[in-house]
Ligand SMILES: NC(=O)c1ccc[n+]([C@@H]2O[C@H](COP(=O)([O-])OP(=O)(O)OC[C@H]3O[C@@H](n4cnc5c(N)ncnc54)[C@H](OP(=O)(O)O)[C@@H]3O)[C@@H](O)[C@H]2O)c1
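Below you will find one chain, with nothing else, as structure tokens; this is the form predicted on its own, and questions on how it binds or moves follow later.
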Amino acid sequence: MLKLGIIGTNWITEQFIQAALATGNYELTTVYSRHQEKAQALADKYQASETFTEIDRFFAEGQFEVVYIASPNSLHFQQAKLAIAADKHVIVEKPAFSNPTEMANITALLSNKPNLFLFEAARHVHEPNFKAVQTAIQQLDKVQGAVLTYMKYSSRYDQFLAGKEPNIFSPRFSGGALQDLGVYVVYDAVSWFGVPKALNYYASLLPNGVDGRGTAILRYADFDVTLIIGKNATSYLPSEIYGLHETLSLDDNAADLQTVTLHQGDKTTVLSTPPLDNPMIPEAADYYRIITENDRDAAAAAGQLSRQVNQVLYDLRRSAGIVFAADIEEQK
């Protein structure tokens, strides 16, 4: 049983808590929030024994072994540094870090703490249907390209239109469509096809400089992969992967992967299995296994993929002229 500490009290935090508890391998002990009433409400709901409103005390005094970080994107770096210094395993929500400099700094810190694990919580790569797609791609005679879509209207865009700047649409907090929903399709592309040889992101920028939606083109040796992402509009297009005589169709979007179908002429074969009610259960189970079995090979593979995705995200947004406060900070 791993003792779990939590940073953040939003819906995704609760989903991860529920997933972790459902595995039977975690005990929620510690909750951090800047607001005591929110921390206490979450602690009471899941029987956590302690709450903190000061981040330094949370890491110094909290009785937990692994921390799940679900704070705004720009805060991940400093909080992960504190966790490593306090000898805590880290599960950090995607995108783990704002740029490759932050990623490299964390990697260097971890090299001095070989007993610790850090995971980027890209939950869909742990799901059976993601792996079904990966296997099907490997069995294609020839890959000729793909279109991967994840565009979903965010209620927080209404706040943006009303003159506010919610974290997810703020360059101060490393926000925007690419850094949110785009992470999923970049993980898809890099996992299934590798690191592209060239890329470009054609972004629809909001007045504050972050992207509301956009189209990315990833160029490989023999094909292109198109990524369609957005948070200020909704797409109902399926995602598709093109072989020579086959097409893989991913219904809904390229992150949730509800149904995966292989089309071969008039023949169709469903490759997917019904998804779990809580899609974070497979990742919580994987993190527990890797930590308790000290599976350094699995951790190294996950870390390499995370670094590759981080670099692709950075290169894409730089191609679109998107600059975060974290980028300016790294240059000082």
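Source: prediction; values computed, not measured. Numbers follow the displayed sequence, beginning with 1.
The form predicted in complex with the named molecule exists for this protein as well; it is not shown, and the discussion that follows is about that form.
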Open item on the list: Just to confirm the contact call: exactly one of 33-41, 264-272, 301-309, 288-296 touches the named molecule in the predicted complex at a 4.5 Å heavy atom cutoff, so which is it?
Closed with: 33-41
Task: Heavy atom within 4.5 Å of the named molecule in the predicted complex - the one residue of 75, 109, 136, 143 that qualifies - done: 75
- [ ] Note which of 235, 247, 226, 71 lies within 4.5 Å of the named molecule in the predicted complex, where distance is taken over heavy atoms; exactly one does.
- [x] 71
Open item on the list: Within 4.5 Å, heavy atoms only: does residue 323 come near the named molecule in the predicted complex?
Closed with: no
Task: residue 93: touches the named molecule in the predicted complex, heavy atom cutoff 4.5 angstroms - done: yes
- [ ] Classify residue 9 as contacting or not contacting the named molecule in the predicted complex by the rule of any non-hydrogen atom within 4.5 angstroms, answering yes or no.
- [x] yes
Open item on the list: Under a 4.5 Å heavy atom criterion, is residue 167 part of the interface with the named molecule in the predicted complex?
Closed with: yes
TODO: Just give me the residues of 122-149, first to last, that have a heavy atom within 4.5 Å of the named molecule in the predicted complex.
DONE: 123
